[in-house]
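Let's start with one chain on its own, the form predicted alone, as structure tokens.
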Amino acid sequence: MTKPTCVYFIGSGPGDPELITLKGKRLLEEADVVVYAGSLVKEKTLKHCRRGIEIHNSASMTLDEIMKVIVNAAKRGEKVVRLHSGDPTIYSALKEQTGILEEESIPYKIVPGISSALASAAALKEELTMPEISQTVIFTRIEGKTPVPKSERLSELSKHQATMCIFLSIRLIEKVVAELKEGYPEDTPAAVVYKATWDDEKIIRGSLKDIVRKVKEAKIKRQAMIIVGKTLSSDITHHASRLYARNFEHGYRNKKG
């Protein structure tokens, strides 16, 4: 009996094919079977695959169909890659897939990828954390078809006034902003990044006062990250990190004054 091979869940990054990790690229080059999230993963990423291998676009597949392909291939002893967008540990339905593999006694590993939240911050050329401004970043989403615990609703999280990256919520931008205003001042900077790192990437900047209007004018309704917080402001006084201060001593450097 053939021993099942290890299944690899790989984060392909936010869109740019060059942002997949070196390990992810190598595993794609070695794969016999690839199941990729076709609605979110650029097909250019598949250029790393060998010709003639078995490739499935999961966009129109159910969980049962996806896992049947993965389980059968692994049991045949083939090398399987399940290719997710962004990072597979954030909003990716990872657990329901790995749970089935565990039931089937099939080993698996997870290869991290660059989240769209980080790609969006890079597109904005902003730092999500700044000394004395915000040292906390919240990854969240608004309640839609997927319920959100009451304590994690935007209206509650906004009371921390930390930097917030809001996934999967652009269609409900009006509701998003209404809830955020329960904790953040109306003039809090806000930005929307549509398809970060893709060729048709768009960036919209504003505040909680006008971001809804700007998003509607740009006709953005999907695949966008909402980021809100004081670190996005161009008016704040920048407080330098202690790490490189002359009078800060650590294991690699003595004080210099």
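Given the structure is predicted, the values throughout are model-derived calculations rather than measurements. Position 1 is the first residue in the sequence shown; the rest follow in order.
This next part talks about the form predicted together with a small molecule, which is not shown.
- The candidate site formed by S58, M67 and Q97 is entirely out of contact with the small molecule in the predicted bound form, as no residue has a non-hydrogen atom within 4.5 angstroms of it.
- Among E126, D87, E179, E78, the residue placing a heavy atom within 4.5 Å of the small molecule in the predicted bound form is D87.
- Think of it this way: in the predicted bound form, the small molecule has a heavy atom of just one of V212, L40, I204, L28 within 4.5 Å, and the residue is L40.
- In summary, the region of this chain contacting the small molecule in the predicted bound form, judged by heavy atoms within 4.5 Å and restricted to 179 to 187, 127 to 135, 111 to 119, 143 to 151, corresponds to 111 to 119.
- Interface membership of V228, defined by any non-hydrogen atom within 4.5 Å of the small molecule in the predicted bound form, is ruled out.
- The small molecule in the predicted bound form is not approached by V34, whose heavy atoms all lie more than 4.5 angstroms from it.
- The closest heavy atom approach of I173 to the small molecule in the predicted bound form falls outside 4.5 Å.
- For S92, a non-hydrogen atom is located within 4.5 Å of the small molecule in the predicted bound form, even though that partner is not displayed.
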